[in-house]
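One chain follows as structure tokens, the form predicted on its own.
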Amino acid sequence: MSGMKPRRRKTLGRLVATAAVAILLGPASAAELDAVVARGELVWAADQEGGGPHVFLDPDAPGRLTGFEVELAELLAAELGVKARFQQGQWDRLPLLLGRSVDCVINGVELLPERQRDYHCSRPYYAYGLQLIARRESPLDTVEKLANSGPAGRWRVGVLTGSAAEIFLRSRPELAVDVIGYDGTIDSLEQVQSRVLDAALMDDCIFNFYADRFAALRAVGRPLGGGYYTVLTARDTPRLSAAIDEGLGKLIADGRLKSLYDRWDLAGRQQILALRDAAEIPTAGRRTVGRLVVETLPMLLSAAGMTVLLACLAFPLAVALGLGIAVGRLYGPPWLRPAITAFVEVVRGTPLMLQLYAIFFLLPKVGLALPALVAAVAGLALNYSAYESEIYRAGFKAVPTGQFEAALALGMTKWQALRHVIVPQAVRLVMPPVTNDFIAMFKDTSVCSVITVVELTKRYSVLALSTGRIVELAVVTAILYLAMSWPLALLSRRFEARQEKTP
């Protein structure tokens, strides 16, 4: 017995060391079943912005996460003998977390051929239908009307970006529909209710959950299509994937999954019948790099055009507003200066994304609904105007005050002196930093995707996740950004060289 103790100690030491490494490094280093068990946690990812009935904050207990998939994750974790730990992520980017910071994704992820190709998809755990939603008084009272234009032209239909609803509509060019992608499911319902959109297409369980909150909306006809939800795991975690499949099978067999759906009013009996008869979906094939570029480049170029359009419309407005703000702060009436200063500090002190949300989502609540493009241009222009005003203010201060006094002595008015003497010199001085800001705006247009504007970065994100070719498309996207910004970089260097030569 005494001879066995050292070996037992060594074995125990190895187990403790393995567990410690797994805990310290987390799922990014090892997300297989043994690492999950050693860590004592199943880390699952979802986006609580998507809302109910999947994953959302309990209104009766702020800070507490609830939803039928929260309970499902806890049941699956218990089957593995561990606890469930939630990891927040953006819905259309959740699969990118696999093998890095999470073990699996449980968030209404539809079972699609492309996902089966790139990830391991569990057996289905929910059957959904795609439901069209419109206002009660809307002329869009049948699904068939989508085939023809409405009273105001093509129907504007909101969808969750990267969802089966978006794929469904974009794959049917015969429909008279403009598809508008949102990062949250509730956003599209809000926009339908505010009359910005004509309709929304989403999973039926989502609208059923929020139907009371959006009493002015109704379901149009029967679901257009449907499919199944699946749990995503990485390709290199076969044992974990098999354990999750086995756990789902037990939950179905012993009735716990049915009870879970009944608690959330999700038609438990119909769900179990649908899951038992779930058909296999064939895995999608992988395209060559050449074919991938040929198929995606037109979409990337179109999105790059939107990026250029946003920057070229917003930046001149930002420069004009910034110049006016700088003049007002330095030379305007005393009563106006505090208000201008407050505007600059508020804009510089709040995120661009928050400002875009306020313009696009809050203004319709007071009766001012701006198109997405107009809202994006306005948001970028206002945001950058605060920064441009500081650049121009520094340029004004760099001009010797004696020149302003000399202009006044020659009989010029205050505003004539500014227009003909001070502003031209200040503009020449600040051209290099202003040009650099123009280059920065090309990249900041990516934030506009939060208000449904599909620019280059958003199009890359959608294509990369739908095709699974993240690196190849990233290279193409980077080349397009470089092609847009490089001429401006050369222009900036030219301004700097001219300024250095000027005495």
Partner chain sequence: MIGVEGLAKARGDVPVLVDVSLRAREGEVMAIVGPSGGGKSTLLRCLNGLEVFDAGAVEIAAHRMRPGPHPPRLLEAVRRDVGMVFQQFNLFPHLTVLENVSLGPRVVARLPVAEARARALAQLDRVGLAAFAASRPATLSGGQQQRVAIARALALAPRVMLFDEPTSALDPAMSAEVMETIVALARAGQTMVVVTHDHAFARRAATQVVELVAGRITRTGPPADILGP
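Quick caveat, the model's predicted, so the values are computed rather than measured. Numbering follows the first chain given and starts at 1.
Keep in mind that the form predicted together with its partner chain is missing from the display, and what follows is about it.
Participant: The chain here is shown without its partner chain. Which stretch in 293 to 301, 86 to 94, 397 to 405, 262 to 270 comes within 4.5 angstroms of it in the predicted complex, by heavy atom distance?
Facilitator: Residues of 397 to 405 come within 4.5 Å of the partner.
Participant: Is it the case that residue 339, even though its partner is missing from this view, gets within 4.5 Å of its partner chain in the predicted complex, heavy atoms only?
Facilitator: No, residue 339 sits far enough from its partner chain in the predicted complex that none of its heavy atoms falls within 4.5 Å.
Participant: Residue 147 versus its partner chain, in the predicted complex: is there a non-hydrogen atom within 4.5 Å?
Facilitator: Flag for residue 147 set to no.
Participant: So in the predicted complex, does any heavy atom of residue 136 sit within 4.5 Å of its partner chain?
Facilitator: No, residue 136 stays farther than 4.5 Å from its partner chain in the predicted complex.
Participant: Examine residue 424 and determine whether its closest non-hydrogen atom to its partner chain in the predicted complex is within 4.5 angstroms.
Facilitator: Flag for residue 424 set to yes.
Participant: In the predicted complex, which of the listed residues (413, 288, 171, 142) lies with a heavy atom within 4.5 Å of its partner chain?
Facilitator: Here the answer is residue option 413.
Participant: Exactly one residue in 123, 428, 154, 250 has a non-hydrogen atom within 4.5 Å of its partner chain in the predicted complex; which is it?
Facilitator: If I apply the 4.5 Å criterion carefully, the residue I get is 428.
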